[in-house]
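In the form predicted on its own, a lone chain appears below as C-alpha cells.
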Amino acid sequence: MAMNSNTPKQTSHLKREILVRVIKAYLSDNFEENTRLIPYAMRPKNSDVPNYRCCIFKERAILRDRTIAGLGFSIEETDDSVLLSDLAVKAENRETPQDHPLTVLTTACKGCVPSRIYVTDLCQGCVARPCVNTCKFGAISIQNGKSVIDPEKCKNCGMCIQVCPYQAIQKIIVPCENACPVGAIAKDENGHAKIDFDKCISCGKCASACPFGAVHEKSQIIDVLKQIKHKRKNQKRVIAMVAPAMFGQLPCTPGQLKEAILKLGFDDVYEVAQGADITTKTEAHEFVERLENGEEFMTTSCCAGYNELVDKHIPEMQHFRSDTKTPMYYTAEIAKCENPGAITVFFSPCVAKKREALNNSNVDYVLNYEEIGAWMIALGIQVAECEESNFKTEASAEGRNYCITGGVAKAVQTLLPEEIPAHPVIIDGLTKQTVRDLKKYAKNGMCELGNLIEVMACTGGCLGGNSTVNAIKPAVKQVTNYVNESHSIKEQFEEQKN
C-alpha cells in the first residue's frame, strides 16, 4: 500500500502497525492483555539496537502513546500510570468518541528549536547592505563586518532572506508550526508542541508535517469494531459511507472496494458522491439566487476544514459562504432514512471530517483511510482479489470528481443557466497566504479574480488529505478513470425535470 507523499514514510509505517495490532488485539481472545503487550512485542528485550531513538525504552514509551491514540484517547488527558489494558477496557466501554480528534505525543515530540531567522557564515558583509536597508523593523545591524539579527526586533517577515545576494540568511522552521495556516500549534512551557483547540481548524497539516509523527489522530476503530461485533445483539445495521477520494487509494475497482468493505462486517456501503450530487444541485441554485440578489461572490462549503476556518477565524466570510450542506451530511441523512436506527460510519481522507461529524447526529463514527487500510491488513483482505459488488444508487461523474481540486466548482458550473456567468477561483490548500487572501475578500466584500470560490484545505483536494494512503498522482488517475465511466449530473438533472 502506497503512502501519502505528504506523510513521512517511517511514521506512517508505525501508525499502521500500531493500528493493525490494536485491531488484532480486539479480535483476539484477550483484548486487554494483547493491547498491553503491543509496545513490548514491537520492541522486545532482545532488540539489538533502537530503530530511531536513544534506547528501546524510549521507543516503547512512544509506542505506548501511539497505542493510546489508536485506542481513541488523548495523550494530554491520560495519566502515565494507567495501563494499556485498562485503557482497552475503557475504549470498549466508551459510548461516544472524544472531542478534538488530534492529540500530541509528547514522548515523540522532538522539541524543535524555536523558529527564527539567522545569518549564516556565508555572510560577506557586502557594501550594499541590502538586508539592513530592506528591514523595516531595524532588526539587522553590522557587527565585525557581518550582519547580525536582533531576535527581539525581528518579525520573521523573511524580506532579508529574499534580498541577500549570497543566500547567507536562512530561516529555521518548526514543521508543525510552519504548516499550520492559523497559528494553532506552538511550544508549551516544556518546549513540546501543543495545540490550541480554540484556534485549530482540524486541517491535519501539522500531522502531515511532523517528521516524528508526534501529532496523531485519535482513532475510532475500537468504537466501530464494537458496533460490528454486537450488531446482531443490538439489532442495528452498520453502514459505511465512502467519500469519493477512497476510490483513488487502493489498487482495485470501486466494485471490489465495496465488496472488501462488506467483508469487514458492514451491512451496506453508500457512495458519498450521491450526497455530493445533492450538494451540487443545491449549491448551484443558491449561487444563482445570490448573484440575482446582487452579491459579488460565493464560496463553496463542502470542506470541513474551511468551514472551521470561517467559523473561528473569518466570521465576516460567513455571509459569503454557501449555506448548502456537505456531501457527508446529505449521504448520512439518506442512510439514516433508509436504515432507521442504523450506525453510520464515514470513511474520510482527513481529520476535519471527525470534527464535522461531532456536530451531526446522523454520523456516528468516522474512520480515515489509514485505519481502513490497517483493518484490511489485519483481516488479510486483498481488495484486488475481491469480487465486484455494485452500488444501489449510481452517482454522477461530477459528484465523484469532488475529491480533486476544482471538482466542486466544475460541478456547480455544470448546472448553471447560460445567462449566469461563473468565474471560478480555486483555493488549492489553506496556507497562511491563502488565509490572508480570504480575509481580504471577506473584508472588501468582493473577489477581483472571480465570483465562485472553491476552497479546499488540502493541496490537491481531498486526495491530498492527511490520512490518505496513496500518492496524489496515481490517486487522481484512478479517480479520473472512474469519473470517465460515469454519467453526467446534467443528464440526471434533465431526467428529473422531465
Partner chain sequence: MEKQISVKVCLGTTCFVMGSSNLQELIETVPKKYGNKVDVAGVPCLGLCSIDWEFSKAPYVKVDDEIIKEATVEKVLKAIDEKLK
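The shown structure was predicted, so the numbers you read here are calculated from the model rather than taken from an experiment. Residue numbers count along the first chain shown, from 1.
One more form of this protein, predicted in complex with its partner chain, exists but is not displayed; see below.
Residue-level contacts in the predicted complex: of A245, A357, A374, C176, one residue has a heavy atom within 4.5 Å of its partner chain, and it is A374. With the partner omitted here, the residue from V383, I117, L367, C109 that has a non-hydrogen atom within 4.5 angstroms of its partner chain in the predicted complex is V383. Heavy atoms within 4.5 Å of its partner chain in the predicted complex are found in exactly one of 222 to 230, 99 to 107, 155 to 163, 247 to 255, that being 247 to 255.
The shortest heavy atom separation between I56 and its partner chain in the predicted complex exceeds 4.5 Å. At a distance threshold of 4.5 angstroms between non-hydrogen atoms, I68 is out of contact with its partner chain in the predicted complex. Remark: V469 counts among the residues lining its partner chain in the predicted complex, judged by a heavy atom distance of 4.5 Å or less. Its partner chain in the predicted complex is approached by K473, whose closest heavy atom lies within 4.5 angstroms of it.
For the three marked residues, K432, V435 and K439, no heavy atom of any sits within 4.5 Å of its partner chain in the predicted complex. If you take 130 to 157 and check each residue for a heavy atom within 4.5 Å of its partner chain in the predicted complex, you get nothing at all.
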